[in-house]
Structures are given as C-alpha cells and as structure tokens.
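What follows is one chain in structure tokens, specifically the form predicted on its own.
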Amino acid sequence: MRANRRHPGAGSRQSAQPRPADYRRLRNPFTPQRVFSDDAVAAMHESALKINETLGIKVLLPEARDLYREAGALVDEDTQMVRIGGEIIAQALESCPRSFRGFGADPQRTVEFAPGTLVFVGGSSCPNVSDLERGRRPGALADYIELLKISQRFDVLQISGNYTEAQDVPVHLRHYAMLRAQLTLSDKMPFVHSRGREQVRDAFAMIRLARGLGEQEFRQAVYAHTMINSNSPRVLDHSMAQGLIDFARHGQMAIVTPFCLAGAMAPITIAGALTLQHAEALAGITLAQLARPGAPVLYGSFLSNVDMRSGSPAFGTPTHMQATLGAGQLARLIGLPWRAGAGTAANVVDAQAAWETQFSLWASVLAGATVCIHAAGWMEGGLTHSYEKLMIDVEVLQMVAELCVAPPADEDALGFEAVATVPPGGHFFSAAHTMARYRTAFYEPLIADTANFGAWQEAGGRTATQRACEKWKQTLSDYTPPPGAAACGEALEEFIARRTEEGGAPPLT
C-alpha cells in the first residue's frame, strides 16, 4: 500500500499530511554515552591546561600573540611559543555563549546551536569528486554547484558545507565564485573559508549584500560559519589564527577543531590524543574570546587513528568511536556546544563505506554532538566527495532524524479498537485504524528498495549505488532556486566585478 507522500526532506513531493518529523530542527533524543569515568575526564582537562601553561602552543600570527600577551599569557617571540595560564582559559570559557542561532536567507532555515540540538553538514573540503557516470576527478566549480543544489534539496542537511574545491577558479577569485553559488542557489547558512583577512572581509560583504544587512546588524547575529583547524601537534598557523580573530570580531561562528590522528599527530592512546586535542581546542577558543568576549564558537573534535602499517587515516573505527564519545564528555565538562564528524576511508561506495560512516555517525549522535560534519558524501578520508554516497548517506540521516521524534502512544495510538475489530487470524490492512494513517505511518525510503527478489529483478536488479545515481540526477533535474535568488545574484555582481578588477584577494599563507 504505497502512497505518494512527501518526505520532510524532499522539497517537490506533495501530501496533505506530511510526516511529523521536522528535519530542519532536530533535538537529539538519546542520553549522551560515556567511555571514560568522570575522574578520567577531569584528569584530561587538567592535563590539557598543563600542556597550555607549561609546554605552550606555537602561534604564527603576531596579532594573535599580542592578544594572548595582553591577557597575561607568556609569549616568547623568538620561538613564537605562547603559554596560556589556566585562569585565562577559564575566563574565556566563562564568556562563551552556551547557545545561539544561525540564520539563512529563509527564516525557516534558522538553526539553533546548543547542547542537545542536532545539525548535519555534508562532506566538506574534498579535493576530488566522483560519480558512476563521470568517474573520479578534481573538483571544479560545476561540481561544487551540483553538490550545493543536491544538498539544498534535503532539509536534513541544515547548513551548507564546503563540499569540494572549485579548482578551476584561481584561488584569489575562488571565494567569490563559491560564495556567490551558496548565496544564490541555497537559502541555508553559508560556509566561509578562513583564508586571510581580505577573503573573509569580501565574504562578509557579500553576505551583507545578499541578505540586505548593515554592518552592525551583521555583527549582532550569526550569518556564516567557518572551520578552524590547528596543526597538530600544538601549532596555530597564520590563516587559522586570523580567521578566529576576524570571525569573533564580526560575531560569526567558528568551529575550533584540531585535526588529530592518534599515533601520528597525537599520542597513540585515546586518552592522550584527546588531551592534546582538548588543549589545542581550548587555546583556539580562548583566542576567539580574547578577540571578542561572547563570540560564538563550537568546541570541535575529529579525532581518529591511523593505520600503523601504512600511515593512512582511518575512520569509523572503534578508536574513532571511543574518541568521539570521550570528546563529548570533555565538551559537556566545559559546557559548550560542539562538533564531531562522520566519515570513511573507503575508496568506493561499498559495504565498508556504509559501515564506517554509520559507526562514526552513530558515535556523533550518541556522544551528543551539536553538529556532525562530513555526514554525507565524504569518502577516502576526505579526498573525494561521492554523489552516490551523498544520496545514500542522506537516506541514513533522514532515518536518524525520524528517531528524533517520539512515536505517539496515546489511547488512540495504542490501537485497542483496531485490535477489537480484527478477528484472530485476520489482518489490519483494511482496518479503519490503518486506513486513517497509512499515508504517513511509516518513513518512505529514499534509496532503499523493499521489493521482494522477483520484483526487484524484474525492475532491473539495480544496486543501492545505482539507485543513488539515478536519485542524484533526478534531484538535480528537479532543482528550483530559492525565492529571491535572481535578485540576490544581481546584488552581488557589481561587488564581484569591482573586486575582480582590483585583483581579488590572495589567501594568507
């Protein structure tokens, strides 16, 4: 009994009775899980403070060192090492907001970032893309635009990510092309790279133009997000430090995420790697608060391990899962919203890609992560964004989203009258209780095929990957720009033309 009903995440399908799950605003229904004792978590925090105070972090940007020095940190200009006292970090944590909202072009795209909320972001920063028809290739602007359009269609991806690099656009002009695409083809909160002050300034100006915001109005709410990665172990480079300062001073969200791999850039033990990651995250969060107390930040974790035989990153492993659960405990200790990440090291869309992504995704959910990045499409440890995997992962994310809404259990839902009307050995297909609910009772799969073997074979015997290929093509074909896209594009053209004529903005290295 199949009905043509609407998924909350599929924009063009119609139904008089949509399912109750609101994929745009999710709250995590699961109790956060633990992997360490409270004493162990407290010891990691104290050890991280000791790392920052006695060993220090190397900070390459002079402006950032000045901010640390003014707050009372010990700064050695010869070595660029900064030693941050625990009281400085404690004061910074005290000024961090515990919750805030992020805004897209559509007020219905407003997202809350707080402990207990759940936000998914597609795979980001992949240098390559792949699909069944065109193969694996370096990412280009056309690929970025396609992935943006596909992601716009699905509400379960609540904010935009940086899916692939537009490598066919010169780097000093690339931020114009990629942000213009986000602002005209999507109504979700955009992602902005931290690649130097000029590029960030350009990006903020474009967002103000597209959203019709004044300078002060823009600074008073969150309209963009960025990713800040320290270079583990214990280095904060020029562009990341400057990005933290610029986003903080403009009131925009920075996700402070050391990228640690146990056994390579961090101690091989999970507790040791988490301690180093925590130290680096605290140092970055502190810098943001020194630049502007109250700046919106997320604590970040993306800790996994390497294959000790090859040195390659591994994801979806037991280490990855335990590290994510431990990071959640540290985030709860300091009381901040935080990000984790899904992902896989698999090279093709196969069973390994599925299980690694789902294990890492479930670790993020069960750890209570506010944001899960790389939740859809991310492959090869971040080297490739797959169109087919994007669709398969969206299916899984929508299933997780369904679990965020408790099923009804009132008297009517208990179905006593339905049981009473069906005789022993009968069936409920035609019961009034069923007929009143069948259109919206169950989640309708996006990719999965529930037909029996004979029907599946007669329909062509397509694999899930083949069906996913058809689905992304259909999604692109059905794409419709959000309202106001054309006017938004016109508002941006003059700015982009002028800045291009002026030479664009080279990234800070």
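All of these numbers come straight from a predicted model, not from anything done at the bench. The numbering used is simple: start at 1 and walk along the sequence shown.
Not on display, but discussed next: the form predicted together with another copy of the chain.
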Work out which of Thr110, Gln91, Thr117, Thr317 lies within 4.5 Å of another copy of the chain in the model of the complex, going by heavy atoms. Thr317
Identify which of Leu132, Leu403, Leu213, Ala205 has a heavy atom within 4.5 Å of another copy of the chain in the model of the complex; exactly one of them does. Leu403
Looking at 68-76, 258-266, 288-296, 150-158, which one sits within 4.5 Å of another copy of the chain in the model of the complex if you count heavy atoms only? 258-266
Indicate whether another copy of the chain has at least one heavy atom within 4.5 Å of a heavy atom of Phe100 in the model of the complex. no
Closest heavy atom of Asp350 to another copy of the chain in the model of the complex, within 4.5 Å or not? yes
Quick one: does Arg27 come within 4.5 Å of another copy of the chain in the model of the complex, counting heavy atoms only? no
Using a 4.5 Å heavy atom cut-off, state whether Thr450 contacts another copy of the chain in the model of the complex. yes
Hey, which residues along 347-363 are within 4.5 angstroms of another copy of the chain in the model of the complex, non-hydrogen atoms only? Asn347, Val348, Asp350, Ala351, Gln352, Ala354, Trp355, Glu356, Gln358, Phe359, Trp362
